[in-house]
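Below you will find one chain, with nothing else, as structure tokens; this is the form predicted alone, and questions on how it binds or moves follow later.
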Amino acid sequence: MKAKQLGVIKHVQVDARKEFVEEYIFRSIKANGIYEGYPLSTALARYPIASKLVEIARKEKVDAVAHGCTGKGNDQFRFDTTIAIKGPELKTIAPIRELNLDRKWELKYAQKQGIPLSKVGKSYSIDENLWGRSIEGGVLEDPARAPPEEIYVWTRPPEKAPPKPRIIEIEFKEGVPIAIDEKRMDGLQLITKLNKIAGEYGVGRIELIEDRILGLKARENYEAPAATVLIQAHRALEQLVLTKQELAFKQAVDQTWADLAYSGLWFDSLREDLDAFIDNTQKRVTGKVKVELNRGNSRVVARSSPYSLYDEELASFERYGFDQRDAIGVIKFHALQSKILHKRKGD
């Protein structure tokens, strides 16, 4: 409707929700896709958007594509690098960046040209997809000022959430969520449902100072109910089934994976290499996790898996398990080099 109102010659709408969930969101869950404290959402969506843009550009036989990124944000990296990789023959035009314009100019131009803006959009810069909402700009640019309630759409204020906590059970198969409270559903249905459930309890509100690719610090606000709960549950299940060494190494891999996804390098070969390792670890990340939702908070309260490495017989303080005297010999040599070092130093 907006395209028709603005006199656009041809408008193409692409429904890439299923692809976004299965090829991007599921990979991010397996990698615990967190950047500086929040689930990657806006960053992930830019890659399928840019990829589809190139596909349509070739189909329409055009020689250039355009986007509205400024020269300060992260999206220019994600769009430009993806277009360069997927469609190197295309010229990329970014008028706001090239003309060195600011947001005030954009708003005045939109008003003058009759370009419709949402009520909230007049004050803030908002990006929204299945995995999360990002809100920035306006009064939010002052880090000393608390975010106004008007910026939130998916989440209730915690004080207005249901008074009694709710426990939900999430089932995973090889790192992918497949069911909520024993009701199996596809990824799109599951994420949509969980956004509503967790949002009702005010879960998923995030405020932080983020380090952008250009080195700028930015005040960011996010809503990510489903992403917050699913990554929290996924990590809890990994703790149960992966070895100590796997968890330590995967933590470093996850961080590198998130950095690549954030910084516009989704199609870098290293990300694909890391996915190969991550996918191998996920073969045992199968099981169920119970999460309690309670007025703005979510916490894992139980987990189970057929691949669990937890042995109650061995770990329990109330059972024999093994001969405890065997620990004496292990402890004797546990800090041997440190003992020798302190002896040499005369401590």
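Each residue number is its position in the shown sequence, starting from 1. Note that the structure is predicted; figures quoted are calculated from it, not measured.
There is another form of this protein, the form predicted in complex with a small molecule, and it is not shown here; the text below is about that form.
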(message) At 4.5 Å between heavy atoms, only one of the stretches 223-231, 158-166, 172-180, 132-140 reaches the small molecule in the predicted bound form; which one is it?
(response) 132-140
(request) Give a yes or no on whether every one of Asp75, Ser125 and Glu210 sits within 4.5 angstroms of the small molecule in the predicted bound form by heavy atom. (result) yes
(message) Within 4.5 Å, heavy atoms only, which of Asn32, Ser298, Thr281, Thr42 is in contact with the small molecule in the predicted bound form?
(response) Thr42
(message) Just to confirm, with a 4.5 Å cut-off on non-hydrogen atoms, which of Tyr201, Tyr262, Trp154, Phe79 contacts the small molecule in the predicted bound form?
(response) Tyr262
(message) My question is simply whether Tyr38 lines the interface with the small molecule in the predicted bound form - judged by any non-hydrogen atom within 4.5 Å.
(response) yes
